[in-house]
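Given as structure tokens, the chain that follows is alone and in the form predicted alone.
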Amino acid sequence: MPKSKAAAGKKKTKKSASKLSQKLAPSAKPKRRLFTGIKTLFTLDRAFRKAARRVTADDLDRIDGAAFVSENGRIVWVGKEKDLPREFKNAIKSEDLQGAVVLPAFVESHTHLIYAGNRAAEFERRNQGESYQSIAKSGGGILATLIPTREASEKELTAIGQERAERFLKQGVSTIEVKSGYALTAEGEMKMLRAAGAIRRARIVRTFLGAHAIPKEFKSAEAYIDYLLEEALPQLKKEGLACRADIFIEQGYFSKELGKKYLSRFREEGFDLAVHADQLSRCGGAELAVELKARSAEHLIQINDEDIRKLSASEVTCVLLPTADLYMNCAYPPARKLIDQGARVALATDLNPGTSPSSDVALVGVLARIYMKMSLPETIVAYTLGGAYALGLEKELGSISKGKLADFVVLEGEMEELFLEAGRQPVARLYREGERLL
């Protein structure tokens, strides 16, 4: 191909990737809304200015007697209600939040929301001492979800996903990342992503995780990676079904070297990158994420001090998934070391059928606070701004800052009640782009 045509092709790809991002723009019709009667507003604006690193209680940016204004779904003014500019007082739809505590909506940055069937029997097998690797070798693990997911229709998968998404909405989550990875054929993975895209109410960010495991139809990981690059990637681009690509770097799955080949190709095509990294063993996933400037490295249980140093000096967001660690009965990631050295951290459920069959946002925070020694402010920032950074949406979500989308929660209690009681978040209302969802 002549050089000029190749350059044109690259330009077209970048434009396509831009269109994927534009799908996250406000959907509301032009309108202005004033929210008053706020006892305490935690904007997290200072945490945003610190890029969600080394946050303290002060970085929650507390405003008592607060109000804010949204226009066309975006924040245009924030401050004390007594200081509300005259231009916003008249000819405006006003909503009194009746003395409640308000903070940004939560961002769930790692889920496997779309799948069929269940793997409840594996929970019992692990409790009886069988390892995840042994279960996988006997036909369990990721491959056990493959058949029911392949057999389910797109409509059925959407209905399943919608039900699960509603559970997140009830907990104050406005934005949910959804990975594919349980069909492991080009068309099956597209079906999963189309089903995710049909979910209503929640904002869905889709991630292609075709490299989740090696299906039995392929003799090697290399052969399967080549298939994904030759067959799945062109279809992904054609339909615009995802803006991110992920891979499971682990012994018995995909090596760091294969991961570099795979993710480098996706990066060339304009995709953001994520890496399932160093969950069961140290396989270089964290190093790869830093090298390729991925948006996120996820799990990070088996990392060492050098990995922590590199992650802390990078722009990679460390997505920690303590519910999976609980179900796997394994160590928790070194959150304290990561945070103290300046790494940016996010928290998420890792909702999936095998190793984290839970969408309990509160439980994630409880585990982070007890076993990972994270403070409440750190936990709140990790589940808001941290999640936004992990998805490349830090300029849109995660704080109540001028210019950002008006996604926020109204609590039925105090801020200190967050991430305290497993099974319950004290969320009374949820708003997305200024419109009430809950």
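As the structure is a prediction and not an experimental result, all values here were calculated from the model. So that there is no doubt, residue numbering starts at 1 and follows the sequence shown.
In what follows, reference is made to the form predicted in complex with a small molecule, a form of this protein that is not presented.
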For the small molecule in the predicted complex, the stretch among 215-223, 111-119, 72-80, 339-347 with residues bearing a heavy atom within 4.5 Å is 111-119
Within 4.5 Å, heavy atoms only: does Ser312 come near the small molecule in the predicted complex? no
Is there any non-hydrogen atom of Phe168 lying within 4.5 Å of the small molecule in the predicted complex? no
Does His299 make contact with the small molecule in the predicted complex, using a 4.5 Å heavy atom cut-off? yes
Under a 4.5 Å heavy atom criterion, is Pro353 part of the interface with the small molecule in the predicted complex? yes
Among Cys243, Leu288, Leu363, Ile142, just one has a heavy atom within 4.5 Å of the small molecule in the predicted complex, namely Ile142
Using heavy atoms only and a 4.5 Å cut-off, determine which of Tyr332, Tyr132, Tyr327, Phe271 is in contact with the small molecule in the predicted complex. Tyr132
On the criterion of a non-hydrogen atom at 4.5 angstroms or closer, are Tyr182, Phe248 and Gln279 all touching the small molecule in the predicted complex? yes
